[in-house]
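Just the one chain here, laid out as structure tokens, in the form predicted alone.
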């Protein structure tokens, strides 16, 4: 009896322990699921705003055409410099080799001193230097770019690669200036070599802090192993994209004296990057995607170096009669314009910008503003037409670093971990053997989030997402209030949560789950109604001059990135200065094209206030910095420092 009682007691005890374990396990699964839901919601915010920014960037193409037709100035040099936007860089002479050799490398420079032709040892020295945060001297940067251009010019548009039994092939997606990720790939997978081949599928630069270092390492390996390292062009290998997304700024900060020359060299090197790689005539590797009319035969024949920027579409012949103020655009300039045809340009845009979707057909890529959304039927048709098995592409950040869709015929690989924020996503790369079966390898650089709990890591990602959402909302605050009033005809100061969501989507056009975001964004919800006049939670403020009116502040915050690109284009010598006359003329065109209703006199007053030494020139970067967005956390940290 005693023995049976003891067994029953132990059974009950064991049963309770199992139930407790199951309860804990279920709770933890629910806890992780809720955190994952928050992380994915944050990713959705990041992605929606990223694509909206790219759409704004691509819409600049329309403004450039408008600017070409209407830009007026009393300075003939300005009109000629503007026309250079539409003339291929190959028509502009770059500095000769003798000039580069004459750039002095001082004895105080302790970084790597490169000798050409490069060797594997040189690349190792370069990598070690970059790990120590050293900056490669401008002379070696320019030499390296010059040597890389010579190699790239010998390559076809779509480079054929043959798999072998002894040599694996690794495919990496977007790196975006994240040197830690590149070094982590090399640590896990080995350095490029004759037996360890790599394809880097575009978007080497922008967003990250070390785009120059990433580019120098990749270009160096290309020079040492030209038959085993392949570099495809991405949509960010584009000098106008670099102006918006950080690489131009990085270069000018690191290379103050020779930054302008480096930018001009890069502008041309970009145009010579191949647009794709084809493995065993079966697997096409391109950065973006395809469209229903994608034609590899056309793409193979295109003179790719004519594609300066996706923001520079082909000029129509009517351009011969366009006016530059008091000067006609010279016929010699128009005849010298070396550009793609409209069909060729569209083929290139689709290759660099398109995204796969589950919906059948080919539809305008409304999120990015360029390329298309292509469905599984489009994929099947293009693959069948060119006897292909699969397309490997990049271009989209994926939570796990890769994604498979269209019945395994489309694979996306993205190699920049923590792309939006520390902890936001993993990076990945693909390995292909002779059987051409992809194997996926994931990783995540975690210098900042190391040692933090899962909850803390999600908090970091989510906080950053709502930060950029707040910036978007503050730059359209008056439009939002106007939209809320439309749903509140009796001026009660409140609208239903559903109407609030509709109004917010109408203004911001971000395709976000506003119903669920509402409690996180608005200050007050009462009985299912949003008290919209109470404002938003934790909204950033704009650090603006006292004389600036609210409408002007909102406009300059909203269009700050666009204006910076436009002013940079006018500032061909990269001095950071433009004349007051140029500023006035450009603002008048910009406000006309974008239907901005702000008095010119008020903007003129603000510009004059930034001309501190009254020499008739304005530091446009300083002007735009005067309208920086400051977040609540940032303001608190500033106060604590004071």
Partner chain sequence: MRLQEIQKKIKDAFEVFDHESNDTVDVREIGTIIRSLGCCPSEGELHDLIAEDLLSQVSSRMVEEEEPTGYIRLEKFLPMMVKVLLERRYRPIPEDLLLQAFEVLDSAKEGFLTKEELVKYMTEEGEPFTQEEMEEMLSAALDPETNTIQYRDYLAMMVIDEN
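Values in this document were obtained by computation on a predicted structure and should not be read as measured data. Here the rigid core means the biggest group of C-alpha atoms that line up within 1.5 Å when the two forms are laid on top of each other. Numbering follows the first chain given and starts at 1.
The same protein also has a form predicted together with its partner chain, omitted here; what follows describes it.
Figure note: of the listed segments 23-31, 52-60, 600-608, 585-593, the one touching its partner chain in the predicted complex, with heavy atoms no more than 4.5 Å away, is 23-31. A single residue from the set 472, 149, 197, 357 has any heavy atom within 4.5 angstroms of its partner chain in the predicted complex; that residue is 357. Mapping the unseen interface onto this chain, residue 124 falls outside it, with no heavy atom inside 4.5 Å of its partner chain in the predicted complex. Contact check for residue 617: no non-hydrogen atom falls within 4.5 Å of its partner chain in the predicted complex. In the predicted complex, its partner chain stays beyond 4.5 Å of every heavy atom belonging to residue 48. Using a 4.5 Å cutoff between non-hydrogen atoms, residue 581 does not count as a contact of its partner chain in the predicted complex. Although its partner chain is not shown here, in the predicted complex the stretch 457-475 places heavy atoms of just one residue, 457, within 4.5 Å of it. Relative to the superposed rigid core, residue 595 undergoes a CA displacement smaller than 2 Å between the shown form and the other one.
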